[in-house]
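Take a look at this single chain, the form predicted on its own, given in structure tokens.
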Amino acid sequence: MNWQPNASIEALKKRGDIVREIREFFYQKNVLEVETPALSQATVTDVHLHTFDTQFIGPGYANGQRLYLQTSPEFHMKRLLCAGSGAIYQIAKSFRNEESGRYHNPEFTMLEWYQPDYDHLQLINEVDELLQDVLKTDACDIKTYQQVFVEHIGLDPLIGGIEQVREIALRYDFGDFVATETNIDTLLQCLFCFVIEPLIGLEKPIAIYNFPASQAALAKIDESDNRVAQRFEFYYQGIELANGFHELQDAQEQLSRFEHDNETRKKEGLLSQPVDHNLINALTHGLPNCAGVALGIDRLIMLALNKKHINDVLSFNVERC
């Protein structure tokens, strides 16, 4: 029976309606829809992301050119912003060579958008507006990363050192690695994912912002408190929905972060990844002050249709593709 779709035809029709509603949301805001490549000669360096790659052999590439399926359209979209596109959005296929399960499929659909002259707090409000339209939810709660740690665990993640964080982590069944883990962010992530996430955003969505600076990724560091990055995430009913930034504009700082990622990869026995110098060159040319966010369409539709598994909103998952 693997020829049949995972989702019912009725669910796929409702999915189409939701995607049309999302497009109308951005049309009304005069945000340009764009398309960017799924393949790139570079990829993400993030230690926690794993990519698919392939070899292109064609005219001018007789010896082959390694290409990577993109984990999100972010880098190409930022190049458009640097070229003067203005506000843009994209509904794009993205690919991650990781787990497959209740909330994951290696090929998935990402909604990503960028608003010039927004900071992360303004974009939180716009994400919330979209969720209210699609999910018919009340206005979201907004709390800092620090707040939810103090409220639910009694730990200040911006003050506590690794020994204090480890002591608290040892109270939970995370595995033997906790006793010897030397990366405080790994321990904080375990506490956040397995202890805090199940307790937040149950009745309505919640935006968590100002993550530790060490978890900045592509976000600016907050000028008023250099312990935190201007990054946010949305959660609802146990599902992580979106990850957004007040975008880093400094090309040299971004290059330094990529290089640091690759150094960490080597220490952990992972392959280094090719840095996207097209992105670095675009940032050197100039990225406008902006905020951007990536939101999982499949997870959003799961919530909208009250489905319990991502397969229930996909035409064909990895086992049936």
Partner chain sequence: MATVSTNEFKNGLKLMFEGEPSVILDNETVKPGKGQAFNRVKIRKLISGKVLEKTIKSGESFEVADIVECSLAYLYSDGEFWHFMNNETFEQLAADAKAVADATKWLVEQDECIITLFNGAPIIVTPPNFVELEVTETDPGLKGDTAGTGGKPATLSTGAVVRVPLFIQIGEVLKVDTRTGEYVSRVSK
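Numbering follows the first chain given and starts at 1. Quick caveat: nothing in here was measured; it's all calculated off a predicted structure.
Separately, the form predicted in complex with the partner chain exists; it is not shown, and the next lines address it.
Checking 156 to 164, 76 to 84, 188 to 196, 127 to 135 against the partner chain in the predicted complex, the stretch whose residues place heavy atoms within 4.5 Å of it is 188 to 196. Three-residue candidate spot F52, Q90 and D261; no residue lies within 4.5 angstroms of the partner chain in the predicted complex by any non-hydrogen atom. The partner chain in the predicted complex comes within 4.5 Å of no heavy atom belonging to H152. Using a 4.5 Å cutoff between non-hydrogen atoms, R231 counts as a contact of the partner chain in the predicted complex. Contact check for Y114: every heavy atom lies farther than 4.5 Å from the partner chain in the predicted complex.
In the predicted complex, the partner chain lies within 4.5 Å of some heavy atom of R96. Here is the short version: of R66, R257, H285, H48, the single residue with a heavy atom within 4.5 Å of the partner chain in the predicted complex is H48. Listed residues E240, D225, D119, E203 were compared with the partner chain in the predicted complex; E240 is the one with a heavy atom within 4.5 Å. In the predicted complex, D173, F174, G175, D176, F177, E181 are the residues of 160 to 182 with at least one heavy atom within 4.5 Å of the partner chain, listed from first to last.
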